[in-house]
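Presented as C-alpha coordinates, the chain that follows is alone, the form predicted alone.
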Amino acid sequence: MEIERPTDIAAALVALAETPDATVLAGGTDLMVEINFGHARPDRIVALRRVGELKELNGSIGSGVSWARLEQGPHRALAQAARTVGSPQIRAAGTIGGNLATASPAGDGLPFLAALDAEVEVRSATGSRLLRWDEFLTGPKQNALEPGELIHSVVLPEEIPVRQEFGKVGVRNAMVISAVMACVMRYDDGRTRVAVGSAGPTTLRARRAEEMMSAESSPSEAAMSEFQRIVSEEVKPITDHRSTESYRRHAAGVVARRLLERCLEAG
(Lines give C-alpha, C1' and ligand atoms only; values in the text may rest on other atoms or scores of the structure.)
Protein backbone atom coordinates (compact mmCIF):
# COMPACT_ATOMS: atom_id res chain seq x y z
CA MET A 1 0.00 0.00 0.00
CA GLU A 2 1.35 3.43 -1.00
CA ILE A 3 0.36 6.54 0.96
CA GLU A 4 0.62 10.12 -0.25
CA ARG A 5 0.56 12.79 2.49
CA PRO A 6 0.10 16.19 0.80
CA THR A 7 0.30 19.33 2.92
CA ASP A 8 -1.77 21.62 0.68
CA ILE A 9 -4.78 21.32 -1.57
CA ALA A 10 -2.79 21.74 -4.79
CA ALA A 11 -0.55 18.79 -3.95
CA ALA A 12 -3.56 16.69 -2.99
CA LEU A 13 -5.23 17.36 -6.34
CA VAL A 14 -2.04 16.56 -8.23
CA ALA A 15 -1.78 13.26 -6.38
CA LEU A 16 -5.37 12.39 -7.31
CA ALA A 17 -4.81 13.45 -10.93
CA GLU A 18 -1.87 11.06 -11.16
CA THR A 19 -3.88 8.18 -9.68
CA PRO A 20 -7.60 9.00 -10.03
CA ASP A 21 -8.69 5.71 -8.44
CA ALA A 22 -6.67 6.33 -5.25
CA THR A 23 -8.59 6.12 -1.98
CA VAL A 24 -8.98 9.42 -0.16
CA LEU A 25 -8.43 9.25 3.61
CA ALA A 26 -9.59 11.94 6.03
CA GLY A 27 -10.41 10.78 9.58
CA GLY A 28 -10.50 7.14 8.59
CA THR A 29 -13.39 6.23 10.90
CA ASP A 30 -15.34 4.63 8.05
CA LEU A 31 -12.47 3.45 5.84
CA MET A 32 -10.59 1.63 8.59
CA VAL A 33 -13.70 -0.36 9.47
CA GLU A 34 -13.91 -1.50 5.86
CA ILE A 35 -10.22 -2.41 5.84
CA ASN A 36 -10.40 -4.25 9.17
CA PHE A 37 -13.31 -6.38 7.93
CA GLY A 38 -11.58 -7.10 4.64
CA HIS A 39 -14.14 -5.19 2.58
CA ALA A 40 -11.55 -2.74 1.21
CA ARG A 41 -7.94 -3.22 0.13
CA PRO A 42 -6.75 0.11 -1.32
CA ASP A 43 -3.48 0.05 -3.27
CA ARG A 44 -2.89 3.79 -2.93
CA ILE A 45 -4.15 6.26 -0.37
CA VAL A 46 -4.11 10.06 -0.46
CA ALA A 47 -4.22 11.16 3.20
CA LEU A 48 -5.66 14.64 3.75
CA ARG A 49 -5.11 15.19 7.46
CA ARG A 50 -2.21 17.61 6.87
CA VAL A 51 -4.14 19.82 4.40
CA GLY A 52 -5.01 22.85 6.52
CA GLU A 53 -7.32 24.44 3.95
CA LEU A 54 -9.79 21.56 4.38
CA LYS A 55 -10.09 22.34 8.09
CA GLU A 56 -11.34 25.88 7.69
CA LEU A 57 -14.64 26.73 9.37
CA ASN A 58 -16.12 30.09 8.42
CA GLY A 59 -18.98 30.82 6.01
CA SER A 60 -18.46 27.31 4.69
CA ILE A 61 -17.36 24.09 6.38
CA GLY A 62 -14.14 22.50 5.17
CA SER A 63 -14.42 18.80 4.47
CA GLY A 64 -11.69 18.12 7.03
CA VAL A 65 -13.53 19.77 9.93
CA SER A 66 -14.00 17.22 12.70
CA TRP A 67 -17.16 16.40 14.61
CA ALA A 68 -15.43 17.56 17.79
CA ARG A 69 -15.20 21.07 16.34
CA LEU A 70 -18.71 20.98 14.93
CA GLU A 71 -20.23 20.09 18.30
CA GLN A 72 -18.85 23.43 19.54
CA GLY A 73 -19.91 25.28 16.39
CA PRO A 74 -22.52 27.99 15.82
CA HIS A 75 -25.20 25.86 14.14
CA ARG A 76 -27.44 24.36 16.81
CA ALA A 77 -28.79 21.36 14.90
CA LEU A 78 -25.41 20.44 13.44
CA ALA A 79 -23.85 20.64 16.91
CA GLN A 80 -26.62 18.40 18.24
CA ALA A 81 -25.94 15.90 15.47
CA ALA A 82 -22.17 16.05 16.06
CA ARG A 83 -22.62 15.16 19.73
CA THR A 84 -24.33 11.90 18.77
CA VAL A 85 -21.48 10.68 16.55
CA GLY A 86 -19.65 7.73 18.09
CA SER A 87 -17.26 8.26 21.00
CA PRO A 88 -15.08 11.30 21.80
CA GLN A 89 -12.23 9.58 19.95
CA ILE A 90 -14.39 9.10 16.85
CA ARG A 91 -15.56 12.71 16.98
CA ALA A 92 -11.98 13.92 17.22
CA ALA A 93 -11.00 12.01 14.06
CA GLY A 94 -14.14 11.79 11.92
CA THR A 95 -15.01 14.61 9.51
CA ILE A 96 -18.07 15.99 7.80
CA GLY A 97 -16.38 15.33 4.46
CA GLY A 98 -16.13 11.65 5.34
CA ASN A 99 -19.83 11.65 6.23
CA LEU A 100 -20.63 13.00 2.79
CA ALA A 101 -18.24 10.72 0.93
CA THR A 102 -19.56 7.60 2.66
CA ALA A 103 -23.07 8.76 1.71
CA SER A 104 -24.75 6.43 4.19
CA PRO A 105 -28.49 7.03 4.64
CA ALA A 106 -27.60 7.06 8.36
CA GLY A 107 -25.00 9.84 8.04
CA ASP A 108 -25.62 12.04 11.08
CA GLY A 109 -24.64 15.35 9.49
CA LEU A 110 -26.65 14.92 6.32
CA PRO A 111 -30.16 15.94 7.52
CA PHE A 112 -28.80 19.34 8.59
CA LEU A 113 -27.27 19.88 5.16
CA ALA A 114 -30.45 18.71 3.44
CA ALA A 115 -32.70 20.98 5.49
CA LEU A 116 -30.60 23.99 4.43
CA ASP A 117 -30.23 22.91 0.78
CA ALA A 118 -26.48 23.14 1.33
CA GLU A 119 -24.09 22.68 -1.59
CA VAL A 120 -21.00 20.51 -1.80
CA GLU A 121 -17.91 21.96 -3.48
CA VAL A 122 -15.79 19.29 -5.14
CA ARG A 123 -12.40 19.98 -6.73
CA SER A 124 -10.02 18.30 -9.11
CA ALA A 125 -6.80 19.35 -10.81
CA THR A 126 -8.87 20.74 -13.68
CA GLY A 127 -11.48 22.75 -11.79
CA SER A 128 -14.30 22.71 -9.28
CA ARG A 129 -18.03 21.96 -9.15
CA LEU A 130 -20.86 22.97 -6.83
CA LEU A 131 -23.47 20.28 -6.29
CA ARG A 132 -26.60 20.64 -4.19
CA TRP A 133 -26.79 17.99 -1.47
CA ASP A 134 -29.38 15.92 -3.39
CA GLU A 135 -27.24 16.08 -6.54
CA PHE A 136 -24.24 14.87 -4.59
CA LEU A 137 -25.98 12.02 -2.72
CA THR A 138 -27.07 9.69 -5.50
CA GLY A 139 -27.99 6.49 -3.63
CA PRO A 140 -27.19 4.37 -0.59
CA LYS A 141 -23.43 4.80 -0.07
CA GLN A 142 -23.18 6.39 -3.52
CA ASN A 143 -22.13 9.92 -4.42
CA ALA A 144 -21.44 12.03 -7.48
CA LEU A 145 -17.66 12.28 -7.09
CA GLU A 146 -15.75 11.66 -10.32
CA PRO A 147 -12.29 10.04 -10.45
CA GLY A 148 -9.67 12.57 -9.41
CA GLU A 149 -12.12 14.70 -7.38
CA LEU A 150 -12.26 15.31 -3.66
CA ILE A 151 -14.74 17.09 -1.41
CA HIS A 152 -13.39 20.54 -0.62
CA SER A 153 -16.13 22.07 1.53
CA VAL A 154 -19.80 22.42 2.34
CA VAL A 155 -21.28 25.76 1.27
CA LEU A 156 -24.15 26.95 3.47
CA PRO A 157 -26.77 29.51 2.38
CA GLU A 158 -26.64 33.05 3.72
CA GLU A 159 -30.03 32.70 5.44
CA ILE A 160 -29.92 30.15 8.25
CA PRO A 161 -32.80 30.08 10.74
CA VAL A 162 -32.07 30.34 14.45
CA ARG A 163 -34.79 27.81 15.25
CA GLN A 164 -33.37 24.44 14.29
CA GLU A 165 -33.35 21.06 16.02
CA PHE A 166 -31.87 17.61 15.41
CA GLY A 167 -32.83 14.30 16.99
CA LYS A 168 -32.48 10.59 16.41
CA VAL A 169 -33.63 7.29 17.86
CA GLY A 170 -31.80 3.98 18.09
CA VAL A 171 -31.37 0.96 20.30
CA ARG A 172 -29.42 3.02 22.87
CA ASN A 173 -28.54 6.64 23.57
CA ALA A 174 -24.81 6.62 22.80
CA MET A 175 -22.51 5.23 20.09
CA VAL A 176 -25.40 4.07 17.96
CA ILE A 177 -26.27 4.12 14.28
CA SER A 178 -29.76 5.57 14.18
CA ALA A 179 -32.95 3.79 13.29
CA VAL A 180 -34.34 7.20 12.31
CA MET A 181 -33.05 10.77 12.56
CA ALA A 182 -34.44 14.14 11.57
CA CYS A 183 -33.60 17.83 11.38
CA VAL A 184 -36.37 20.43 11.51
CA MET A 185 -35.99 24.17 10.88
CA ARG A 186 -38.49 27.00 11.24
CA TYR A 187 -37.80 30.40 9.68
CA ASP A 188 -39.19 33.63 11.11
CA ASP A 189 -41.74 33.86 8.27
CA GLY A 190 -43.06 30.37 9.06
CA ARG A 191 -41.23 28.43 6.38
CA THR A 192 -40.56 24.96 7.72
CA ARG A 193 -37.94 22.47 6.58
CA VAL A 194 -37.89 18.78 7.45
CA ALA A 195 -35.07 16.39 6.53
CA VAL A 196 -35.08 12.73 7.57
CA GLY A 197 -32.25 10.20 7.61
CA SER A 198 -32.16 6.40 7.95
CA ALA A 199 -35.60 6.30 6.38
CA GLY A 200 -34.87 6.04 2.66
CA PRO A 201 -32.10 5.25 0.16
CA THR A 202 -30.62 8.68 0.91
CA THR A 203 -31.41 11.51 3.28
CA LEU A 204 -34.75 12.94 2.13
CA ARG A 205 -36.90 16.03 2.54
CA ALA A 206 -40.53 15.69 3.63
CA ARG A 207 -41.70 18.34 1.20
CA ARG A 208 -45.47 17.86 1.54
CA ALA A 209 -45.14 18.17 5.30
CA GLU A 210 -43.01 21.29 4.82
CA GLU A 211 -45.58 22.91 2.56
CA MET A 212 -48.43 22.07 4.92
CA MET A 213 -46.70 23.39 8.05
CA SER A 214 -45.25 26.47 6.34
CA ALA A 215 -48.83 27.69 5.85
CA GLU A 216 -49.53 27.48 9.60
CA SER A 217 -48.58 30.63 11.51
CA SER A 218 -49.75 29.22 14.86
CA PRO A 219 -50.09 25.45 14.41
CA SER A 220 -52.97 23.83 16.26
CA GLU A 221 -52.89 20.37 17.80
CA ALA A 222 -54.75 19.09 14.74
CA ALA A 223 -52.16 20.67 12.44
CA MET A 224 -49.31 19.09 14.41
CA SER A 225 -50.95 15.67 14.17
CA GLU A 226 -51.42 16.10 10.43
CA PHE A 227 -47.79 17.15 10.08
CA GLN A 228 -46.70 14.00 11.89
CA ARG A 229 -48.92 11.85 9.68
CA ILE A 230 -47.59 13.36 6.45
CA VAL A 231 -43.96 12.94 7.47
CA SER A 232 -44.66 9.27 8.23
CA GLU A 233 -46.22 8.90 4.78
CA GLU A 234 -43.37 10.60 2.92
CA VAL A 235 -40.44 8.56 4.20
CA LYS A 236 -39.26 5.44 2.35
CA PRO A 237 -37.84 3.12 5.02
CA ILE A 238 -36.80 -0.51 4.81
CA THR A 239 -36.60 -3.34 7.32
CA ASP A 240 -33.05 -4.32 8.25
CA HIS A 241 -31.04 -5.48 11.26
CA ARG A 242 -31.49 -2.11 13.04
CA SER A 243 -35.24 -1.65 12.71
CA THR A 244 -38.42 -2.44 10.81
CA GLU A 245 -40.09 -0.48 8.06
CA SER A 246 -43.20 0.13 10.17
CA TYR A 247 -41.29 1.36 13.21
CA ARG A 248 -39.13 3.69 11.13
CA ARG A 249 -42.20 5.15 9.45
CA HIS A 250 -43.89 5.76 12.80
CA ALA A 251 -40.73 7.10 14.45
CA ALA A 252 -40.00 9.54 11.62
CA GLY A 253 -43.31 11.29 12.22
CA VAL A 254 -42.94 11.32 15.99
CA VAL A 255 -39.36 12.63 15.95
CA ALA A 256 -40.15 15.32 13.36
CA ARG A 257 -43.15 16.50 15.39
CA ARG A 258 -41.14 16.70 18.62
CA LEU A 259 -38.41 18.69 16.90
CA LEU A 260 -40.96 21.07 15.41
CA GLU A 261 -42.50 21.54 18.85
CA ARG A 262 -39.07 22.54 20.17
CA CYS A 263 -38.65 25.02 17.32
CA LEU A 264 -42.03 26.57 18.05
CA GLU A 265 -41.28 26.80 21.78
CA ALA A 266 -38.03 28.59 20.97
CA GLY A 267 -39.97 31.20 19.02
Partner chain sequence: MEVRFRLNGEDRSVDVGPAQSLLSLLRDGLGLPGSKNACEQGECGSCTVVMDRQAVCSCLVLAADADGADITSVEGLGSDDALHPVQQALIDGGGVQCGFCTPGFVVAAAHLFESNPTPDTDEIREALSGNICRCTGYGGILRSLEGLAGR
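Bear in mind the structure is a predicted one, so any value in this text is a computation, not a measurement. Residue numbers count along the first chain shown, from 1.
Below, we refer to the form predicted together with the partner chain, which is not included among the displayed structures.
Segments offered: 98-106, 144-152, 81-89, 193-201. Contacting the partner chain in the predicted complex at heavy atom distances within 4.5 Å is 81-89. Note on contacts: among 205, 236, 229, 49, the single residue with a heavy atom within 4.5 Å of the partner chain in the predicted complex is 49. The shortest heavy atom separation between residue 27 and the partner chain in the predicted complex is within 4.5 Å. Although the partner is absent here, residue 36 is a contact residue: one of its heavy atoms lies within 4.5 angstroms of the partner chain in the predicted complex. The partner chain in the predicted complex is not approached by residue 266, whose heavy atoms all lie more than 4.5 angstroms from it. Contact check for residue 65: no non-hydrogen atom falls within 4.5 Å of the partner chain in the predicted complex. Every member of the trio 41, 45 and 175 reaches the partner chain in the predicted complex with some non-hydrogen atom inside 4.5 Å. Residues of 2-18 that come within 4.5 Å of the partner chain in the predicted complex, judged by any heavy atom, are 3, 5 in sequence order.
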